[in-house]
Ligand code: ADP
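First, one chain by itself in structure tokens, the form predicted on its own.
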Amino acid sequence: MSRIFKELGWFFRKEWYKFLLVLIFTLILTYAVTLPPNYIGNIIDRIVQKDLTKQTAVKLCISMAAASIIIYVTGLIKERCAGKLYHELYYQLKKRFIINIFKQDGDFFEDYHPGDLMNRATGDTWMISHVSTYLLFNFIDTIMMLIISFILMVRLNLSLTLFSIIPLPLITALVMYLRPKIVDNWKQVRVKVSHLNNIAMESVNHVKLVRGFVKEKDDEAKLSANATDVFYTERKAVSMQALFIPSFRMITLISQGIALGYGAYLITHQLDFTVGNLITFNLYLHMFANPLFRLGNQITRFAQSHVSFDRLNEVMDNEPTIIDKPKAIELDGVETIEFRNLSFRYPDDKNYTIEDINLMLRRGETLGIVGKTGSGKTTLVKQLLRSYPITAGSIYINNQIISDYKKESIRRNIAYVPQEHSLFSRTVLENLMLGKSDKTALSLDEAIRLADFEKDLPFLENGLETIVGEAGVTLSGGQKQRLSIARAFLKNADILIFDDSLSAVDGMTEKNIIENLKEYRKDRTNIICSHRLSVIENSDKIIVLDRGKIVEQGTHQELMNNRKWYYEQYLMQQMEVEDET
């Protein structure tokens, strides 16, 4: 537990005065709770001895009322301050968690899936925040209650105290015995819940695909099987914890039975012990026994928090693969891009995805990249985004190696439209405005027109204010593409990358977008990956990739004259168009 508090030292140093305030009120509250039993015992003794006067009764009632007010006020202030600390820590942990995720590169998201990250960002951060605030103060309260109640019992009668508490350590022993089992089970619960979250998110994200293949029942069965597995794993923890309350009650009753029996013996033998003392002692004994039960639970929760802490730190301590040099500079504009003997393979792959790429691209030029599926088109363009560290060779921007620039400034100069379009479950307008930057020169209407998206607006229920749904589920494939393209136009970056971004649009829409691209971005660099050669035939340069290597390079006419793959593919696609016509 000390490791967690050490790691969270930044928060304790920042909020030390609030922790001190809660600690003070916790101590006052704990002491105030121990006052009423003494007043109750005093009243009973006076009633038994027939010595209760009106003045004494009023005085004792006022004392009880004062103690109640102190308990209420201090408890209220304590809970309010502890709640503020809890929510502040919960917010800060989630904020740091998300910020660190945003810093990560492509390889990170191959190891950590969205459902797992979501579970860590909610469940594990909650556990750590709860333990570091509420549970910490409750633990202090428990220890103080044990100490104070024990002292008060000893002051009433030492021998009665020693006899009465003999069974109570069994509560803590039981908890300590079960703690390792509960911790191991808790680890399994957290892992399985993360896995269930991943499956649930996949089902939601791919609901159309599941319906399209009529696999609803299979998907439901898969979810049900995993949910059942989580249920039975968590039920083991519940079953083990269920032993606590009956065991606690049994041991407490034995302890109270000893206290009543031995206390009755002291009273009947007139050994300086009264009925009021016995009732007060039993109330103190209950105050002593309850914390023992809480202490066991608290120790278990502290142990469980280590699991959550390790899971959170596993992500928080993860450094991005690509780190800017200490003297990295800002990229203010892109004049030239050069690939020099560039080769790349993914972290877990043995073979190169792209290999020995040599290519020069100047400002104002458009590069077309074509090739078979899996030839490395997407991997090549993503090297500019610095999603992964370059395996071999290098990329030069403005005749300076790419690693000399801050990666964030590189990404600011690139507008990337991926194959799988990422849309937020917000309005069309909010999704478009994500593209707005300091370089934005177009109006929103112009960006929509250039992407040929304006013809879709009348068919959207609320126009630009239409909610697109989870991952754009309410839009067609073509609408998603045109919305993403409009967003990229709005960014007005020096480099625009279309990664097979026109696959879902019809021929006329494709033609309009390409003509708008040529006109609007004639003085900027454009890179277009496509399976449809009609999209890139007017590019200044075209390269054909095969198994990660450039096998053909030139203009459209030069490649047609070569009569190789490009020539054959172009003729085949032209014949398909004629057949459709």
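Everything numeric in this text was worked out from a predicted model, so none of it was measured. Numbering starts at 1 and runs along the sequence shown.
Another form exists, predicted in complex with the ligand; not displayed. Remarks below refer to it.
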| query | finding |
| --- | --- |
| Contact residue in the model of the complex, chosen from F339, Y388, F163, Y134 - any heavy atom within 4.5 Å of the ligand | Y388 |
| Partner-contacting position among R363, K372, H87, R80 - heavy atom within 4.5 Å of the ligand in the model of the complex | K372 |
| is_contact(Q419, the ligand) in the model of the complex, heavy atom dist at most 4.5 Å | yes |
| Non-hydrogen atom contact Y346 with the ligand in the model of the complex at 4.5 angstroms | yes |
| Touches the ligand in the model of the complex: E335 (any heavy atom, 4.5 Å) | no |
| Non-hydrogen atom contact E110 with the ligand in the model of the complex at 4.5 angstroms | yes |
| Option from 282-290, 220-228, 378-386, 445-453 whose residues, in the model of the complex, bring a heavy atom within 4.5 Å of the ligand | 378-386 |
